[in-house]
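Single chain ahead, written as structure tokens, the form predicted on its own.
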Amino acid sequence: MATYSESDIRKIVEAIVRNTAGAASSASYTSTTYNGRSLIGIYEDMNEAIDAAEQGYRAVRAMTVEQREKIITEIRRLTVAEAAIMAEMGVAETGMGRVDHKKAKHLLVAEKTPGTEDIVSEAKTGDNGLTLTEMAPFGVVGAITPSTNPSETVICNSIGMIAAGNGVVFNPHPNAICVSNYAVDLVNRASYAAGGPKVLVCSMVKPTLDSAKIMQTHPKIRLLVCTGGPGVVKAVLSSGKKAIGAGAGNPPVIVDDTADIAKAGKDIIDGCSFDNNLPCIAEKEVFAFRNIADRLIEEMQKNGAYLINREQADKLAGIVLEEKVNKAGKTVKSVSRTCVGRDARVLLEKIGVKVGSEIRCIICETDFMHDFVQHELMMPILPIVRVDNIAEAIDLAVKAEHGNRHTAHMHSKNIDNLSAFAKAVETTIFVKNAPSYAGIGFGGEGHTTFTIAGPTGEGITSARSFTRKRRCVLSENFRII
């Protein structure tokens, strides 16, 4: 698998920006067509989609591992070739994120999503013979995907699920149907071109809660995988089927007084502003030691952050968070869908501040109980809370993470402080001295995924996450020692 350095990332993004103009902006597309071409594997009825996915599963089950890997190789190739199209489609359809960063995410998925090499058998021999344990497919996987990383998740999941030998049916987020279905079509085109079935993965013309319910209860669906908010994850985990849930997070960042402050300021803004803070791993709130906070804020401002005062922060909070009455009759705050994933300058305009495109992130000093700290915004807004020592920083950061155990970050050269925070926060991902995206292999070691399964424990999912173990025992033979 390829790895990316900081200079690699810059080169990738610069190349993308140079080569993207008009990739999809002049195209016409719906949930079933792109520029007049019918998308493959898109169905009006979830039952039909599941039946088609089962046929795809039976076809891929009959293939060799080498044949499966050929399909995956073609998926990677098409993803790289059409990254610009899907990135522009995603921003145009959802209104969220940045085209250049979405293209970089597609390249990351193409390069660093594990394939069949992740499926490894185990053998144990002893006095009583040989036991072989192999990773087998579940069959047909039902997958729910988000609007924040729609096509990236479809392709990443497809590679892993196909590598494991499964067929897949998707129920995409309703706000990202077109780009999600384009990605489904891409996977099917790749399959057919590589000698696989014409329909290997499937999706819906119009995904709904009803189609999701059919998926969750259908007898042919053997595994459910949900990447999304707490509501849909809870529904999947309550289905009675084997389920993988990738839920919400509110990743905190601690910066202590041993950190490289210049690097920390740059890394935090790079991570927080990446795709306008849509990745669930992105930095959401900062706890900075009081004696370095001023320097940290200065470094953030040097790297594209705009500092607003408390009055402006409160005004902006009243815009990006909406009060709603829940089913229990209680008034709660939730993020405004019209603000999620928007550019920093767009959000600043809402409070009468005009800036240029060089501003990537909005920063502000707040207290711990401020709404910006307590709510996962998924916007390039970063609250900063001053703390006196590591004990206070850890205590507040763990509370701000709300027990999601998703992702946390820290900038420090103090091993004791780093270890203490890692033990206390118990997150699936813990990134030290780097931007958040290093946690999914972008500028860091390890494979990538956009389905980070904290609630169900699979963690950074890969092909092996979508398998079940099968044991074959041969008694009294095949031990040759």
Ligand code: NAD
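A residue's number is simply how far along the shown sequence it sits, counting from 1. Since the model is a prediction, treat every value here as computed from it, not as a measurement.
One more form of this protein should be noted, the form predicted in complex with the ligand, which is absent from this view; the next part is about it.
Segments offered: 346-354, 393-401, 105-113, 374-382. Contacting the ligand in the predicted complex at heavy atom distances within 4.5 Å is 374-382.
The ligand in the predicted complex comes within 4.5 Å of a heavy atom belonging to Phe450. Among residues of the shown chain, Leu209 is one whose heavy atoms approach the ligand to within 4.5 Å in the predicted complex. Contact annotation for Lys241: none of its heavy atoms lies within 4.5 Å of the ligand in the predicted complex. Contact annotation for Ile144: at least one heavy atom lies within 4.5 Å of the ligand in the predicted complex. Checked against the ligand in the predicted complex, the residues Ala194, Ile214, Leu321, Ala235 give one hit for a heavy atom within 4.5 Å, which is Ala235. His173 is the sole member of Arg76, His218, His173, Arg189 with a non-hydrogen atom within 4.5 Å of the ligand in the predicted complex.
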